[in-house]
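Shown here is one chain on its own, the form predicted on its own, set out as structure tokens.
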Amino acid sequence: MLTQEENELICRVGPGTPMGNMFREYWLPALLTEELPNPDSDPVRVLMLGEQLIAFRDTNGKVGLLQNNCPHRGASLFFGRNEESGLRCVYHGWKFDTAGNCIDMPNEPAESDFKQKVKATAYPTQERGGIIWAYLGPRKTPPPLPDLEGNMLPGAQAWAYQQNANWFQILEGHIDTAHVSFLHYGGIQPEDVPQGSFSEYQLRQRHAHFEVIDTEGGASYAARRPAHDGTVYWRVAQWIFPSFSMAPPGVLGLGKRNACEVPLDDHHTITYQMSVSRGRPGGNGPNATFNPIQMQPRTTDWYGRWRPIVQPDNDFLIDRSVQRANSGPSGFTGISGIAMQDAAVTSSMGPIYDRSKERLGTSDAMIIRVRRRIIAAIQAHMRYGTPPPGVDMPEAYRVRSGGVLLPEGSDWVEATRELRQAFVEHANLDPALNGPL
């Protein structure tokens, strides 16, 4: 468990907070490219790390991310006119380019040079693989973008959804494989899946032995279960600073995907999913369903982006008759969809759970390791200005997750070293080995 002080240290992300300052050292997803589809399209409100920002795509197609309030008298630039390579405040006509420079000040005399002395706060952006990335940190020259193959390779796609919970609750769910056999697959029996598949081994023994290692960019865990004929099923996953994760479904060596939790504020989070292939049947092929979550219509308020239809206030549309039947992927919970099953339990903890009250077991080894690494990185950054892991090492994100069969007694770290490397092709691997789960 964490002390209340440690819990606050990790969870609070606003400007000036230790975790907020560390988050700002990294490039983070700010929007999906589709949210700003065309030059001079409507501005979008973006809440990120507790900051109110306005995103727009200018006439030349470049994305700007500016402070919400006009530097003149504080009117919101959301109401601005996106025109002729800039965003013009409708209050007095001041116009700003994507770098925050005031390029027109029509309410001042023509001979005035005042506009040269005014600049709006603007954050650098880059677009890649369907994501608009933003850097909110202090460096004049930002660090490189992380080398995430799910966001870099041809065919990279992205989707997003918002949850009413602190970012760390959601991340801890993504790096916790122990819950999968219950929350997601508790209504499925070993006999219901192909025999000899990873799915069978996971269902036949729902508990596992965990091992955790530190990596250059974060931590990796492997959950071990017996398989057959002297082999062991290892389920390997990744966490990379500050809030990237790679879940273990699929075959290790094939999956090219990751998630990233981006706090809107302390109590709301958008999860961005990036993927080229899930390395398993039914992945993101040309005919695959791209976003598996049904969304509410987008609105223009600060929390109006990527809100699922199922929410805490409708109890995630839980079907108690399905739960009583306890059959199939939704049977254990009565809630449809893996992401929404996760959302139900993480949001049910409250906006920020008091971790001083929890009781951790051996299956929480990865949770414990990640907390220790984050706290150590925050303290080093806060006290000595030490750049946190991964900021200047884009190659630290070149990792993969998934399942693998190894002979009994194998050292999983050494045996999977190449399979855990991204940007390496393994034509001999069969995604069907994973099974349907």
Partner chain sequence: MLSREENELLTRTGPGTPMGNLYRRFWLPALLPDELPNADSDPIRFRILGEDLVAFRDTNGKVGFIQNNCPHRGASLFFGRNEEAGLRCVYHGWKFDVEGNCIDMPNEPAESDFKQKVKATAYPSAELGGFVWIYMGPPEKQPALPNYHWCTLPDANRSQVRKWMQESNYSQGVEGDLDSAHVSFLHRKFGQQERPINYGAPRLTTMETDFGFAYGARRPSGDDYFWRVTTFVLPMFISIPGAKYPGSGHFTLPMDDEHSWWFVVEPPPLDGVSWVLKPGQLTPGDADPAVDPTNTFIPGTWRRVRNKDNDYLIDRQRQKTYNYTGLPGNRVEDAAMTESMGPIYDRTQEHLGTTDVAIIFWRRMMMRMARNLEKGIEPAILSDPNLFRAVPLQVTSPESDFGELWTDHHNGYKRSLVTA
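Computed from a prediction, not measured in an experiment: that's the story for all the values here. Residue numbers count along the first chain shown, from 1.
The following text describes the form predicted in complex with the partner chain, which does not appear among the structures shown.
None of 42, 34, 392, 411 but one reaches within 4.5 angstroms of the partner chain in the predicted complex through a heavy atom, and that residue is 42.
Checked against the partner chain in the predicted complex, the candidates 213, 309, 90, 99 yield a single residue with a heavy atom inside 4.5 Å, and that residue is 90. In the predicted complex, the partner chain sits beyond 4.5 Å of every heavy atom of residue 297.
Not displayed here, the partner chain is approached by residue 73 to within 4.5 Å at the level of heavy atoms in the predicted complex.
Put simply, residue 80 is close to the partner chain in the predicted complex: some heavy atom of it is within 4.5 Å. In the predicted complex, the partner chain sits within 4.5 Å of a heavy atom of residue 114. Figure note: of the listed segments 91 to 99, 181 to 189, 232 to 240, 335 to 343, the one touching the partner chain in the predicted complex, with heavy atoms no more than 4.5 Å away, is 91 to 99.
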